[in-house]
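Read the single chain below, which is given as structure tokens and is the form predicted on its own.
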């Protein structure tokens, strides 16, 4: 009988735990340890953040689901991995702090461990960033954050209805941020909602991003073929912003967020400042701070984890110049090179390097967008690892691992540009491969499989996917037939 422990009930963790439960008989124990009691369909938080959905429409409680499907649920935060056990037992275990115990540490043994902890929202990387104490900006990273952002946004709308002018700043709160696509969606929805409320002429909207060009999205941008012409994605993004009257600042390393103002550094080393009445700025991500120890209590953290706190997997982490980076550097199985019983998926795995060219300033600062590991890619990784572990349990340690190379994933993204069944729209983007390969493709990617369109049909698709993936995550009848 095997015991599998999954850390984190996000998109990747939920994909892993539900598929493992489907694949393995009930005699095998599956345990979920997560600080979150609810599952959140994060891509729809942007709609919560402008007030057109409530948190209850993007979340559901996990305990009843796990009880129904036969998964043990521990509400708590993992703190340390002991892959060799300790002096009292050679059985590997993970330490965690259960919710509501005042810091009491407990242990959960395992035969296989899946790290799907996701990120620490590192608001502290930029002074004044974030919705918490001492923060001067909002976020949509969690449903709770999105509800707070919505209240502030709608308050600004009410001021505009009374005749006041407002400046909205949306974007990235640090030079190393990821998830540029989420900020891109949110700013378009802000513009759409101001128009719907009849106050657009009272609002200035500015998008601040660490991307070297709009439409980079942390994947080095992409090229699209349209009516016989091949155009870079920054043309696509800039045209959307221009026709909607959205200003932008690109290549910005936000250094400070104050009450009603923010300051950034530009690639040329100059500084800029912007005043605002409402700011939604995403934070950079870091690992959640898991530690690792060997049987004798010696620290293994630096061997299992990168300096960022994300877990090392089967990737090439060797130091290389930008021009020497290759799609072959990226992982295929998401298995730890230190211990074959450990896996990491979604945001929890450490990328070997950026995909976008880093920005280096005359002051010696290096920054740039980090490749996204969320949404579809996270679910695919979670499912891949679940298939591998299921085979290892059923067939033994010699069973080959399932491979789904991160670099060659084909991905699809539906980015909302405003909600509404008659007036809504969304950009539907497909991309293959995820990491550009200039040895195989002139433009880095297959132009037949890399597309971008915007329109009302995209919004209908985005809305359908919202309900479809909530249905899948709840393990409703036929859920496993819905692709990741």
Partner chain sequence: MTVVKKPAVPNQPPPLVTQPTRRSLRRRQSVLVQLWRFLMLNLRMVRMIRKAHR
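Numbering follows the first chain given and starts at 1. Computed from a predicted model, the values in this text were never measured in an experiment.
Keep in mind that the form predicted in complex with its partner chain is missing from the display, and what follows is about it.
Interface residue among 263, 401, 77, 411 relative to its partner chain in the model of the complex, by the heavy atom within 4.5 Å criterion: 411. Interface residue among 145, 276, 250, 174 relative to its partner chain in the model of the complex, by the heavy atom within 4.5 Å criterion: 250. Annotated contacts: 423, 446 and 455 all touch its partner chain in the model of the complex [non-hydrogen atom within 4.5 angstroms]. Here the chain stands by itself, but in the model of the complex one stretch of 238 to 246, 67 to 75, 166 to 174, 299 to 307, 238 to 246, has heavy atoms within 4.5 Å of its partner chain.
At the 4.5 Å threshold, heavy atoms of residue 376 reach its partner chain in the model of the complex. Under a 4.5 angstroms non-hydrogen atom cutoff, its partner chain in the model of the complex has residue 267 among its neighbouring residues.
Its partner chain is not shown here, but in the model of the complex it comes within 4.5 Å of a heavy atom of residue 451. Shown alone here, residue 338 lies farther than 4.5 Å from its partner chain in the model of the complex, counting heavy atoms only.
Contacts between stretch 285 to 302 and its partner chain, counted in the model of the complex as any heavy atom lying within 4.5 Å, involve no residue at all.
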